[in-house]
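Below you'll find only one chain, the form predicted on its own, shown as structure tokens.
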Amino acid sequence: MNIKKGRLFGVGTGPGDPELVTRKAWRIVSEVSVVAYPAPDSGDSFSRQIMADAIRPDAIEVPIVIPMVSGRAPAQAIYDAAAETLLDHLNAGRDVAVLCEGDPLFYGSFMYLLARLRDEVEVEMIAGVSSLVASASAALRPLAARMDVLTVLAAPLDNDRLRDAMAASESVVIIKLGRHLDRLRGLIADLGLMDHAIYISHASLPHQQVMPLKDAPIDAPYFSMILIYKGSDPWIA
């Protein structure tokens, strides 16, 4: 007898506050029999913490442990192995939800599993609230308006690329700050944009921080970003 394959769900869990998880995401996670999620090599999975109350007590959990190291090679082998494990569950007829902080397809780890599994099984994406919009909400600052160009930059980019992009855009979001914060602070000051720059960490969580970039701490956590809005729209400047 042929067993109908399970369905794979890429589930956005939002920026951290469980109340910002969509109703659809919560329902699906509460229904599936297998829940997978990225996890650090030490400590708890943030996406699992967000969805903990939705996961069935009898659900099979599949942590995907990804060491926090630079370079793609180690992680690619991990995604290969995780895809095989999830495909075994899917081929056995079990629906699988893969949790991903924020939105699964905006710098999300789920995209690597999607590339490996989308030709094998039916896939449904559940969009999530991005940390970008959560950070803008926390700062009470617009991301972009009218004809503004919004640019999203990763902090590890080299100085020239960062400088050129910041100069060319009306609105800038810089993510993945970490150890790069001090260097970025210097670049932003050189461009004369310090008064337009806001630092946000842990948006939507009880320990959220929002402050002018000039007042930001020396060391930035991974869950932090810089918003720069130059105020080119006279109606909101």
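What you see is a predicted model; the values in this text were computed from it and never measured. For every residue, the number given is its place in the sequence shown, counted from 1.
Missing here is the form predicted in complex with a further copy of the same chain; even so, the following discussion is about that form.
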* To do: May I ask you to state whether residue 89 is within 4.5 Å of a further copy of the same chain in the predicted complex, using heavy atom distances?
  => no
* Does at least one non-hydrogen atom of residue 217 fall within 4.5 angstroms of a further copy of the same chain in the predicted complex? -> no
* Report yes if any heavy atom of residue 46 sits within 4.5 Å of a heavy atom of a further copy of the same chain in the predicted complex; otherwise report no. => no
* Asked: Taking heavy atoms and a 4.5 Å cut-off, does residue 96 contact a further copy of the same chain in the predicted complex?
  -> no
* To do: Assess the spot marked by 193, 205 and 210: is a further copy of the same chain within 4.5 Å of a heavy atom from every one of these residues in the predicted complex?
  => no
* What residues in 3-38 sit within 4.5 Å of a further copy of the same chain in the predicted complex, counting heavy atoms only? -> 17, 18, 19, 20, 21, 22, 23, 24, 26, 27
